[in-house]
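The data below hold one chain only, encoded as structure tokens and taken in the form predicted alone.
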């Protein structure tokens, strides 16, 4: 299959490119590095020509930074218009589990707008909603507020997944038929953010204490503890956070 990855130079994009290549697919890497600009619509028609699938992993900076809504609206419109012109039979986009419960945050609200553009486009699609990647928790913990030297984290339960496993699942879905719906994916086990933070700090020999604080929001949003756990029908990865962290620290 000829599969286009838009956002191929990013963290997830590069992992998806590798996963597709190892499965024998012909991969088109579409990013600013290859002359493709989703915001300006430059290079899309050439990249999408003859594509059996398009994977959209475009991103707008980090959570809460930049004009995410403007980015995803403009990029989404350009990408979907190009997909229509090329007759792309399967458009897959990566989104976030629980996005509809995180609308107070600009980034997650923008992801919902992106999803709605896809649903309304008439292009056959799959939306893969993933839980948080293991790789993000260093930043999440270190950006958490501190009170009297103690890191305070939100009281939320998560089911994170390794980015490599998420990439493999996305690649597999892209090579299949569009489901015209949402597929959730997550890791093998739910964990409290407090558990994750403590294990991460221990593994990195960081002596700072950490505690749950009911007044601390998750990316600026106050949530019920189970709000970000995927539904029972979610596809689960196999690698645990503990095993991933052990391998990462020892590498």
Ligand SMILES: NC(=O)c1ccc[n+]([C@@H]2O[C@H](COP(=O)([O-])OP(=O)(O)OC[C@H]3O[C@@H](n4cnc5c(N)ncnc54)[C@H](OP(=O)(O)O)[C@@H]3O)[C@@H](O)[C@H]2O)c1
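Numbering follows the first chain given and starts at 1. All figures in this text were calculated on a predicted structure; none of them were measured in a lab.
Separately, the form predicted in complex with this ligand exists; it is not shown, and the next lines address it.
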| query | finding |
| --- | --- |
| Residue contact check: residue 71 to this ligand in the predicted complex, 4.5 Å heavy atom | yes |
| Residue contact check: residue 47 to this ligand in the predicted complex, 4.5 Å heavy atom | no |
| Exercise: residue 53 in contact with this ligand in the predicted complex, heavy atom 4.5 Å | no |
| Contact flag, residue 13 vs this ligand in the predicted complex, heavy atom cut 4.5 Å | yes |
| Segment that reaches this ligand in the predicted complex - one of 94-102, 146-154, 171-179, 115-123, heavy atoms within 4.5 Å | 94-102 |
| Complete contact of 38, 58 and 132 with this ligand in the predicted complex (any heavy atom, 4.5 Å) | yes |
| Of 236, 227, 239, 9, the one that lies within 4.5 Å of this ligand in the predicted complex (heavy atoms) | 9 |
| The unique member of 192, 32, 26, 202 whose heavy atoms fall within 4.5 Å of this ligand in the predicted complex | 32 |
